[in-house]
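Have a look below at one chain only, the form predicted alone, in structure tokens format.
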Amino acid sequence: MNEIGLSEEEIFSLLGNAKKKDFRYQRVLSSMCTYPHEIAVKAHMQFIESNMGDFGLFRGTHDMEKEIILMLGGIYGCNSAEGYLTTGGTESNIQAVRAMRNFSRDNRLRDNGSCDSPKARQNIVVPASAHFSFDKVSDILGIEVRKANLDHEMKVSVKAMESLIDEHTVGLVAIAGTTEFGQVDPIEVISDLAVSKDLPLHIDAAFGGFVIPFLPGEHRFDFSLPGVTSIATDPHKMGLGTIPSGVLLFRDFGYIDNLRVHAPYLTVDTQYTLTGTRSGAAVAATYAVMKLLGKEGYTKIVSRCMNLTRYLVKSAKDIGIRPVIDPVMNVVALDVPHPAALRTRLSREYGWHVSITQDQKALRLVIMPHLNIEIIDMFIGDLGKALDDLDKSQEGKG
């Protein structure tokens, strides 16, 4: 740190230089985040000092948080849902599994008069397509994460999930909008499985939560299904909120109460959150953009992204590239030769930021609101060139 502070002009010069090193979203087809809506930015700045870790001091901000939960609960089939805003899907998933573990512990205490840990390690059953945050869940909570195989449509096999359940399973997880393929697991069937096994079911809808409700047709993934006990969704993705903003919802207070921690020195004596300090600015941003857009606004945004997604898939087919599955939402996995090498070439030679699937067999693209037809056309043109370059280089090696 300097002995004497720099001038504001010098500071903004440093900030400008740092900003130049960041990728502009217009060249990014790998991220599930995008530019926040203007009203979200304004609301964020207006509440920049608000701390939901001690929400008794910021009652107006807390009222907005409660209304966000009610709005999302209504969309997700439960007007009495409980929850709070998190930093995003990772925190939400950790807390959901923590609630499952504690719920199981409390049941053992009630049934056996003891909360001693079982001899065998507790486990949850998740799809193989689950976000890497569940690996963090395993490390942090000491819970085994059992991964069930996918079918040919990249949905989890319900039979595979059932085969992994045993007496030490504390919960199930399904995905509504997988990170790699944008696929929705057969959640109606998994809900039935959860009910039959008397297990809680968490839905990771970090991406799909602000997409699926605004698509034509019906993909049931929410509290309208009796087995679903919690849902994670991220306003800072397709919700167009500011970073970081996630939401964790529970069907009722009974589940969130398993996260209770006493904090007697605050204006409220109980917390249910993972982090202590929480951003009231993100609450305000989420509230503002949801109020502004409403269902009609989000439907238009999702429709536009889906139109762009279909346009990209058609354009890719025109140059001989097909998707691994027909896109369910605005995520596309393209079946291309040498995906890792292609990604590197697209980045170094053409300035595009794309990603690959975990098995390194497909090129992964996310069609977010910052993209348009002109950008898609430029990308497809460069993709064709990069494929030709790659073919030539492979021939040279041969």
Ligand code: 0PR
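Keep in mind it's a predicted model, so treat the numbers as computed, not measured. In this text, residue numbers run from 1 along the sequence as written.
Only in words, not in the display: the form predicted together with this ligand, which the text now covers.
- When this ligand is considered in the predicted bound form, only one residue from A206, L248, M100, V283 comes within 4.5 Å through any heavy atom, namely A206.
- Interface residue among T229, T309, S279, N93, judged by heavy atoms within 4.5 Å of this ligand in the predicted bound form: N93.
- Checking 332-340, 65-73, 44-52, 25-33 against this ligand in the predicted bound form, the stretch whose residues place heavy atoms within 4.5 Å of it is 25-33.
- Every member of the trio F132, H236 and R364 reaches this ligand in the predicted bound form with some non-hydrogen atom inside 4.5 Å.
- By the criterion of a heavy atom within 4.5 Å, G177 is counted among the residues contacting this ligand in the predicted bound form.
- Taking the partner from the other structure, this ligand in the predicted bound form has no heavy atom within 4.5 Å of any heavy atom of P200.
- Residue contact with this ligand in the predicted bound form: G88 places a heavy atom within 4.5 Å of it.
- Taking this ligand as positioned in the predicted bound form, none of the residues of 293-330 brings a heavy atom within 4.5 Å of it.
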